[in-house]
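So this first bit is one chain, no partners, the form predicted on its own, shown in structure tokens.
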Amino acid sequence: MKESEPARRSPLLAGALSALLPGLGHVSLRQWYRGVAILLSFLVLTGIVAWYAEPLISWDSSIYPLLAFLAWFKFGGFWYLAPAGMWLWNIWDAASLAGCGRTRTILIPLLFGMMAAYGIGWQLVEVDFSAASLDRAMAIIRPMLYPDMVEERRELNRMWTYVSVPCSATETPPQARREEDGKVASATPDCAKLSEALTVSVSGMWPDTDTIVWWETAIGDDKPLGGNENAPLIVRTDATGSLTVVIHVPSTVMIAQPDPSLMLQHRVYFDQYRPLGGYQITSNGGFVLKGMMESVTMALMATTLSILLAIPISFLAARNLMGGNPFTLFIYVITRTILNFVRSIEALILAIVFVIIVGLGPFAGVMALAVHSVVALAKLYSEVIEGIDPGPIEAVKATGANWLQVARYGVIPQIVPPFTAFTIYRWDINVRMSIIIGMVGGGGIGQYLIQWIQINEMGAVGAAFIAIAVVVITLDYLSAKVRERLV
């Protein structure tokens, strides 16, 4: 359908036709494309608004009509004005086209469309800034400002004793007393129920030293005993290295216990520390380094595996190489279709699938990254091949070379630098993707990160964020330098 010069008609008639049906006035002026585009845009915009734009409050015009209208307009009614605004612009555009042969800017209908899109989007995502809490935000951010990565070297002096929870009517609990290396720890009584008071004592510890008293459940969970079970309990030993304090059984020690009536042995610990000088990596800091090493290694292995498959596939997905006859063209279409289909599935979804197939751990993450990288790199490689200079290819073909010889001498010399650059860039992407994949069980730093978030270890989360930022920034800088030299 070919666009024609607008016919000279009455602006009133063109405007009236467009008022009757958007775009009809343009069609009467032989502006077929513009008229059809206006009609379709109006119908789509009207349909979207009618489907999604439900005002957040009702408009009761019987009470304070003006205030009700303003509230209705603010909380959703303005979305309904978008189709009306586009309809009015359509009339104006048709009249202007008929009268002076000039069309009006399409920025106005685009503005109405964006108004509707953002208005509807605001409601769909349920934006509510009043629900935000600065206190909750600071409770998360404040401990992250003190990353759990390094600590002062210190010596640990530890003692502990068993405590049975809960007491059993048919079973006598073992004595809550323990001796080791001249230290004695005990609890009275030998068993207790949730939130019940216990008197715990220890002797033979370092004298005049702050001692952290904490609880370990039967399954190994740590529970603080200070504050409202959310702060450490610190008691100072006397001159003989002894202390006695009353504690309460934490109320959450049996949450994961299948049978709450079953008496199990828990532990009460007494920990003392004294500095040795210098610094050392904390326990969580070690996990951060281990997780980042896993993530970088996962990305490297996945990228390497993907190269081996992506390169041959990319040749099959290049139209300039596969368009010579119907058979090779068919292979090209099938290959491109498969690449587009698999590439549309996010690596995170692939990781969940591979976790089910091969189990939790880095191997599932490597497989997910490799599959996604194969299709992504094959797509990029094929586009590089399609954009190469056809001269060398034609020269090689003129010698009577077969398909493999054309690829070897006419294509490969041109694609090595961009292929290398894209591969390095993909490794950079895979490092970042491996962090997210780890959160669904795919190994790497992401697996530790999601666990720390769940148990509210925000100091470790802060250390992980710093490590991620350092690694990503470093790899991004190095890969950019390498690409500059290659391309």
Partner chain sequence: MLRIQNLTKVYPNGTQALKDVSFEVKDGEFLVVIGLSGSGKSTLLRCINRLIDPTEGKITWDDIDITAAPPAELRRIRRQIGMVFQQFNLVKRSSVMTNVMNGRLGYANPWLSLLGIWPPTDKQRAVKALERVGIADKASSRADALSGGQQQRVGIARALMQEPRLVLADEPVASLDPVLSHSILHYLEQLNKEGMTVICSLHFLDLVHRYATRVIALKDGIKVFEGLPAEIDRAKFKEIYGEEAQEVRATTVEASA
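Not measured: the values here are computed from a predicted model. Residue numbers count along the first chain shown, from 1.
FYI, the form predicted in complex with its partner chain isn't displayed, but the following is about it.
Undergrad: Quick check on this chain: which one of 409, 92, 363, 273 has a heavy atom within 4.5 Å of its partner chain in the predicted bound form?
TA: When its partner chain is considered in the predicted bound form, the option within 4.5 Å is 409.
Undergrad: Using a 4.5 Å heavy atom cut-off, which residue among 220, 227, 359, 400 comes into contact with its partner chain in the predicted bound form?
TA: For this set of options, the contacting one is 400.
Undergrad: Tell me the stretch among 311-319, 253-261, 329-337, 392-400 that has any heavy atom within 4.5 angstroms of its partner chain in the predicted bound form.
TA: Contact-bearing stretch, as computed: 392-400.
Undergrad: Given its partner chain in the predicted bound form, answer whether the residues 404, 413 and 485 all have a heavy atom inside 4.5 Å of it.
TA: Per the other structure, all of 404, 413 and 485 touch its partner chain.
Undergrad: Can you tell me whether residue 417 touches its partner chain? I mean in the predicted bound form, with a 4.5 angstroms heavy atom cut-off.
TA: Yes, residue 417 is a contact residue.
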